[in-house]
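In the form predicted alone, a lone chain appears below as structure tokens.
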Amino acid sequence: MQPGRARSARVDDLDEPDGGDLLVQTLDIGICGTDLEIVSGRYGWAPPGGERLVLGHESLGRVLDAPAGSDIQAGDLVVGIVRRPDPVPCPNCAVGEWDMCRNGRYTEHGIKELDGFARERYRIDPAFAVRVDASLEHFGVLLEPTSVVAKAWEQVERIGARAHWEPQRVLVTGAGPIGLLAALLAVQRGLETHVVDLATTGPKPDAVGALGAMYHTGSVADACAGADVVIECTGVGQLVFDVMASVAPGGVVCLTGVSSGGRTLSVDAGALNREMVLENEVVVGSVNANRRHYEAAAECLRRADAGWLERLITRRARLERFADALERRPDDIKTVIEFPK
């Protein structure tokens, strides 16, 4: 893929990989909105000195070779961590919190200046590979998006702990992969969970219902006014302000969706400010994940019902049909490219 040039994705022959002690055979690559932005020419950076970027930041692979004494062995299933710390490094990157990089000089596999995992084999440093349970062979590719919501929940719980806090009700906006996985983590916490989305048919309402959560297609206020926690997963500007105005006193809104911009909204900023201050409400943005979040996500997926996880992968395409996977369809939740086994 040539970043900045639409429809330039293709399958190429590459040299044998180098750059890490683990040799990994790729099994699955998940496709998300970031990938679609890259292939449309609107996002992405090639490695320094190159013109092309290997795609694939949502991965699942099997270790072919590992160094002696490593905690990861040949045959293990692993997921590659997407972000690498900046070379300076900033104070956060220096202590393994590269998801909170302060200077923006981090790199990301398949996105920013590092080739991704969408190749038959790749090499990786064991410090940036996360082992997943063998039971997740068909669903481990969901680990990277799950790590994003594992971080979001960590942020919510850290903020909530500033006072005596017993959340009961959660609202998730958006029933895409991130929204559904955020709802999974809410249900695993024993919380009353509501999900609001525009879809009235297709796999999304069924996936929410199978999780034991409640699905809504109306307004935020109708779905769950006064939620203690809101995980916003759409990036839709109006929804962002709607959830900020509807959260319960002392509640926490976590924004995980990225807005595209270019649209002007009319907001009573004074009234919103007054409510947030007087009711001790918090709005926090959350993106990416570090190793701690990947490991938490692996445990969440291990505990999840396999049949429910299967609902999230709505389409699989073999490598030779990769172009089909890069076209979004109305009923898609998660599309996966399968590599030769």
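For every residue, the number given is its place in the sequence shown, counted from 1. Model, not experiment: these values are computed from the prediction.
This next part talks about the form predicted in complex with ligand BGC, which is not shown.
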Stretch in contact, per heavy atom within 4.5 angstroms of ligand BGC in the predicted bound form, of 271 to 279, 287 to 295, 311 to 319, 46 to 54: 287 to 295
Ligand BGC contact at residue 83 in the predicted bound form, heavy atom, 4.5 Å: yes
Partner proximity in the predicted bound form: residue 144 to ligand BGC, non-hydrogen atom cutoff 4.5 Å: yes
Heavy atom of residue 27 within 4.5 Å of ligand BGC in the predicted bound form: no
Residue 148, heavy atom within 4.5 angstroms of ligand BGC in the predicted bound form: yes
Residue among 32, 283, 66, 300 with a heavy atom within 4.5 Å of ligand BGC in the predicted bound form: 32
Listed residue that, although ligand BGC is not shown, lies within 4.5 Å of it in the predicted bound form (heavy atoms), from 124, 111, 213, 254: 111
